[in-house]
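First, one chain by itself in structure tokens, the form predicted on its own.
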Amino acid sequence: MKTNSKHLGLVTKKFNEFFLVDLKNQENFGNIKRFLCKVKKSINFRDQLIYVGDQVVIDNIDLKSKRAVITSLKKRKNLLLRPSVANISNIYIIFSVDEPELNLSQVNRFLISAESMGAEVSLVLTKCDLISDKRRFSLINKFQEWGYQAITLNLQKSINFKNLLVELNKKECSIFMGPSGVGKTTLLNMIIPGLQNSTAQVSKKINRGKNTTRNVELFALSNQSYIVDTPGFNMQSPEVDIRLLPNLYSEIYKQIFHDGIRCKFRDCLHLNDEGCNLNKSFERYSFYKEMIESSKTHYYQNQED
């Protein structure tokens, strides 16, 4: 049985020129939700590639073979290039508190990179059984000052795991990001029944884990909620307009937009600028300065090229 009616779908997996597409509304097809699709040959998406997470319109649906054709691509909200995933609504930055040891500068870079995508950003701390309660509460308070309500997990005992799972089921499309060896794969295996991605021990030589996941794929947590299973990857350096970088730090954003502080010049970068009135006593200011200086260097190098 074939139908020529058009339906909105979500790309959940991509391999070669084929795509697995889940219908956003499957009422008309009973229990059939997923179709194997190819892009219509006569369609040119202006040289755009289709990524996992993209919303597409499918047509020429064959219910017997569960095949269909992608006829158009909807405008995406955002795009993460490595791993390649579109339309992320929630980013969960995953870090272990020990083994490997927590690196605050690295945590900050991940958070700012995530914030630059315009998604909702959360921080998850794993392996909390390796530290004392005093240390755990100290970290919770620290990251609260950074602007994040850190979720603390013990992956062996699943403390707070159920609350995280309830939260994920309310999100549209979530992704875990973080360095290797912090428990991302273990956490995904707990969230997605039957996934069973392999995990690897933290390397004693380099004090970080080995990448074990290989393919990018969306897994449904509910009818409207998905989570991304991603391959191991290195963090992308955030390429953010230097003028927008202050807005990605909650400590600076709060002072400007909530407390109403005003610097002498509108384009103040809050370094040694004349007439800067920013209170620079917050912990992450040193990280902010480093990112501004790095962005300046990168900008001028590109101008010279």
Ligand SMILES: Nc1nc2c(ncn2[C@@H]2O[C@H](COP(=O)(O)OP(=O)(O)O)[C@@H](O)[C@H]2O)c(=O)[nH]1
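Keep in mind the model is a prediction, meaning the values are calculated, not measured. Numbers for residues come from their place in the sequence shown, where the first is 1.
Below, we refer to the form predicted together with this ligand, which is not included among the displayed structures.
> Is there a heavy atom of Gly147 lying 4.5 Å or less from a heavy atom of this ligand in the predicted complex?
Close contact is absent here: in the predicted complex, Gly147 is far from this ligand, nothing within 4.5 Å, heavy atoms only.
> Does this ligand come within 4.5 Å of any heavy atom of Thr186 in the predicted complex?
Within the cut-off, so yes.
> Is there a non-hydrogen atom of Pro83 within 4.5 angstroms of a non-hydrogen atom of this ligand in the predicted complex?
Flag for Pro83 set to no.
> Looking at the partner-bound form in the predicted complex, is Ile88 within 4.5 Å of this ligand by any heavy atom?
Although this ligand is absent here, Ile88 would stay clear of it in the predicted complex, with no heavy atoms inside 4.5 Å.
> Please pick out the stretch from 128-136, 107-115, 166-174, 74-82 that is in contact with this ligand in the predicted complex, where contact means heavy atoms within 4.5 Å.
It is 128-136 that comes within 4.5 Å of the partner.
> Only one of Asn103, Gln224, Asn154, Asn215 gets a heavy atom within 4.5 Å of this ligand in the predicted complex. Which one?
Contact check passes for Asn154.
> Would you mind checking 156-181 for residues with a heavy atom within 4.5 Å of this ligand in the predicted complex?
Those in contact are Gln156, Pro179, Ser180, Gly181.
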